[in-house]
Every structure is written in structure tokens, then in C-alpha cells.
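The chain below stands alone, shown as C-alpha cells; this is the form predicted alone.
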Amino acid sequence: MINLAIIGTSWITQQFIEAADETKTFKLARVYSRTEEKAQAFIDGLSKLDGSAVKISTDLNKFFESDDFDTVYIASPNALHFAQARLAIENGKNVIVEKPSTSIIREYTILDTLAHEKGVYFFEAARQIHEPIFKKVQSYVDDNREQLTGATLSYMKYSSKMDSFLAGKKPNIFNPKFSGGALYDLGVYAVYDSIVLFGTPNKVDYEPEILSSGIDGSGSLTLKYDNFDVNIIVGKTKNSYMPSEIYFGKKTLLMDSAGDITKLTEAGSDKKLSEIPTTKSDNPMDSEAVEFARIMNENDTETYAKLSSYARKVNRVLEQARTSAGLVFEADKEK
């Protein structure tokens, strides 16, 4: 098992640690938090793990100087990813960073280059592309690619932080200082779907609903390809139950979500619906944990290069989308 440290003590970090434990891929060795109390509370909340041997750091520099882990999982606010990942790589640590890994493409390029120079891995954690159910979508698209005529991808969930925002507060997810917003949270999943399934678009256009904080609460993103468009609908200010669809002329592949697919259905040329058999883990991060560990253990540079290419393209599309909408992050202003 690979010795792991974490930055970020939210539910998504807990989910990754549980996936690592379930799949016997990573062993939690150290937790970083600004306070020892918060780190200990996180460790105590890992009911399935023996946290007695897990160490705590509250100083980031000393954290990365530790020799009891070689890989760090980063799930802090988006705007902190770059500085924390850079410090990790400079200290010779492999990095798994939650999507999006950076706020701007320049930051991604710096980290990718530095990781190659230091001989470490730098992964962007886009969990859904590693799941068996997404692989089933890939196979379906590949088998019917000549008939491909476009897609509509939808991922909208009312944010747990929305009520706080409406009460006059400014949670990180709705704050341009922290590179928040619908596109850089839920939209990343749909952009990953498009890049992996259809390749790099020729043109990107984003029409957002701008909140009072200057960030996008929801929006419609259009990716233009040679012979079709992909329309992406994202939002954190409302709930949607609309399925996502990929079109093949008279046939349509329906997914119940663009970000957390649990069901696939084919609508045939006769308009009849038939469910496609699939498998789905209880923990959607299981497949990601297994794949990252496998790549590192086997030094699978070919797969790693493919994943890095996806991440680079996704981050570029996100920035192009923001630019088209006039959305500005604090990271854009830094030299």
C-alpha cells in the first residue's frame, strides 16, 4: 500500500480515504489541517480505520518535509491547489488533487512541468472517467461514433452552501477569490465527459447566471466540434432531474447524470427504451484510487500521459469558457 497524506477534511476527503481503505491501495499516514482539533476530529470520524497511527501537521512546510508519506491527496478550496501542489512536488511527493487541479491553465502547465522534472506523479482527480459505468459509455460511443450527432449533458444540484450565500455570507464555492462557481465545480465533470468521449472542441462559449459575488451560480456551456455541438447545463442554485443524452441520429444514449452516472438507457430507432446492464460501486472513488495506485506501482507512463493530456485539455476549456463569459478569478490577476 502507498503511504498517503491529506490536505482538506471535508466529506470528499473522507470518501477518498474510505475508497483507499476498501481497495487496499493507500494507507493514511498523516493529516494536515490549520488546527490540531479539526484534524483529530476528521481522524476520529473515520470509523472503519484505526487512526491511532495517523499523525497530524498544522505547519504546511513541515508537513511536506515529513518522510512518512510519498503521496498527498489535496481537497482544499480550488484557489489553494496550485501553491499546495507546487510545494508537494518540490518536496518530491506524488500529488492527487481534486478537480479542477488549478484555477488557470498557466498554473497547470507549471505543475505538470515541475512534476516531470522531479520525477513524481501529478494526478487530477476526475473520478467518474475511471468508473466501469463510464467505460461502458466510452465503448458505446466508440462503437457508434460514425452516427454521433451531439450531446446534452446536465449536472445541477442545489448547493449545501446556497442558503448561507442567500443569507449574506460568501462561502468559498461562491467566491471568485477561491476560484468557485458552478463551472469550476459541477461543470468540470461534464467537460471531462466531453473531452474523453469526443475530444477537444473547436470553440467554447459559456453563458452564465452571475451571482452578486461575481461568480456563476449556473450556466449553459456550448462546445463546438466539426460536425456537432455538445450543450452542457450546470448549476448550484437549483436541482435538476433532467437526464443527459448522447445522440446518434435515430438512437440516443441516456445517462441519469453527467457527473455521477448510475444508470444507462438506450432509446433505439424504434423509440423503445432498454436499460444497459452496468456495474456501480457504492463508493464512486474506488476505481480512481485503484487506477492511480496501479499507475504508480507499475510506472504506467502511457496511461499517465493520457490522463495528463485529458487534464490539460479540460483546464484549458474551463479557462476559455470563463474568458468567453468575462468571469475573473483572483488567480487571473497574479503575475
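Residue positions are given as counts along the sequence shown, with the first one as 1. Note that the structure is predicted; figures quoted are calculated from it, not measured.
Quick note: we don't show the form predicted together with a small molecule, though the next part is all about it.
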Inset, instruction - Please check if residue 294 has a heavy atom lying within 4.5 Å of any heavy atom of the small molecule in the model of the complex. - result: no
Inset, instruction - Please check if residue 127 has a heavy atom lying within 4.5 Å of any heavy atom of the small molecule in the model of the complex. - result: yes
Legend entry - Exercise: residue 251 in contact with the small molecule in the model of the complex, heavy atom 4.5 Å: no
Inset, instruction - Give a yes or no for residue 263: in the model of the complex, does one of its heavy atoms lie within 4.5 Å of a heavy atom belonging to the small molecule? - result: no
Legend entry - Non-hydrogen atom within 4.5 Å of the small molecule in the model of the complex for each of 156, 193 and 244: no
Inset, instruction - Could you work out which of 80, 87, 114, 141 is the residue within 4.5 angstroms of the small molecule in the model of the complex, going by heavy atoms? - result: 80
Legend entry - Position in contact with the small molecule when the complex is considered in the model of the complex, options 133, 233, 197, 75, heavy atoms within 4.5 Å: 75
Legend entry - Which of 47 to 55, 272 to 280, 300 to 308, 29 to 37 lines the interface with the small molecule in the model of the complex (heavy atom within 4.5 Å): 29 to 37
